[in-house]
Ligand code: SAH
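In structure tokens, one chain follows: the form predicted on its own.
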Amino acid sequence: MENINKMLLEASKSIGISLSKEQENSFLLYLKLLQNKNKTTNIVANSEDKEIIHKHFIDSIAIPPVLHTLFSEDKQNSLLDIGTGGGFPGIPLKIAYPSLRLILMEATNKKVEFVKEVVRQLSLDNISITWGRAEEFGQQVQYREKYDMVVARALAELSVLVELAIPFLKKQGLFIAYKGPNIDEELAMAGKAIITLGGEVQDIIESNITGIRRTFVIIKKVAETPVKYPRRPGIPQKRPILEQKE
């Protein structure tokens, strides 16, 4: 356990975050819960200590420095994590930045039940968890245009992601897409979708943390999203806005 603690603390310091003892304990309990659950349900592909700490915990909280004040300021910004899976990046961000008001959204019930258990075991507050698809929730008045920030990690192509994410944002809110390296083509293909949905690319930031090459695409919502978006489940994937005939 001592080696795991050291690995976690050193990795977090490498991205400029010093964890308190309470935060450290939360991450270690989360690690244990993931590993136990992974014996019966596939939550992560590799449940070794190093893989989870680097590829899930640290990768989730390694946000660009320009965003640190938004995540940590006292006004309790709301953060929606769509397609959260095993809780990434939402739960690690909540552990690192406790003032966030966090909403986790996931379409697979087994994963929803797992993240509920994680939230209970870690005694995390100001979190809600929803079971369902972003396409459906994005058309509901209690969710649409209600959030300061939306995040998505390893979920879909950017041209699809923006249709799932931008409808949830308030005006001037930010969508932060966790993408891999070499995204020029993907970004170009998403250009029409971003504009159509009321977005504007604010920044593209590349990082290489603990050997993971990551590109953060930061999109600001500058205009209201047309009421027809998001379309019904499955359509954004089958007919991205770039390709559809209007």
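Note that residue numbering begins at 1 and tracks the sequence as displayed. Every value quoted in this text rests on a predicted model; they were computed, and no experiment measured them.
Heads up, the form predicted in complex with this ligand isn't pictured, but that's what we're talking about next.
When this ligand is considered in the predicted bound form, D148 lies well away from it, no heavy atom lying within 4.5 Å. The shortest heavy atom separation between A96 and this ligand in the predicted bound form exceeds 4.5 Å. A residue is said to contact a partner when one of its heavy atoms sits within 4.5 Å of a partner heavy atom; L155 meets this definition for this ligand in the predicted bound form. At a distance threshold of 4.5 angstroms between non-hydrogen atoms, I176 is out of contact with this ligand in the predicted bound form. The contact residue chosen from L161, A134, L169, I91 relative to this ligand in the predicted bound form is A134, the criterion being a non-hydrogen atom within 4.5 angstroms.
Checking N126, T108, S72, Q121 for any heavy atom within 4.5 Å of this ligand in the predicted bound form turns up a single hit: T108.
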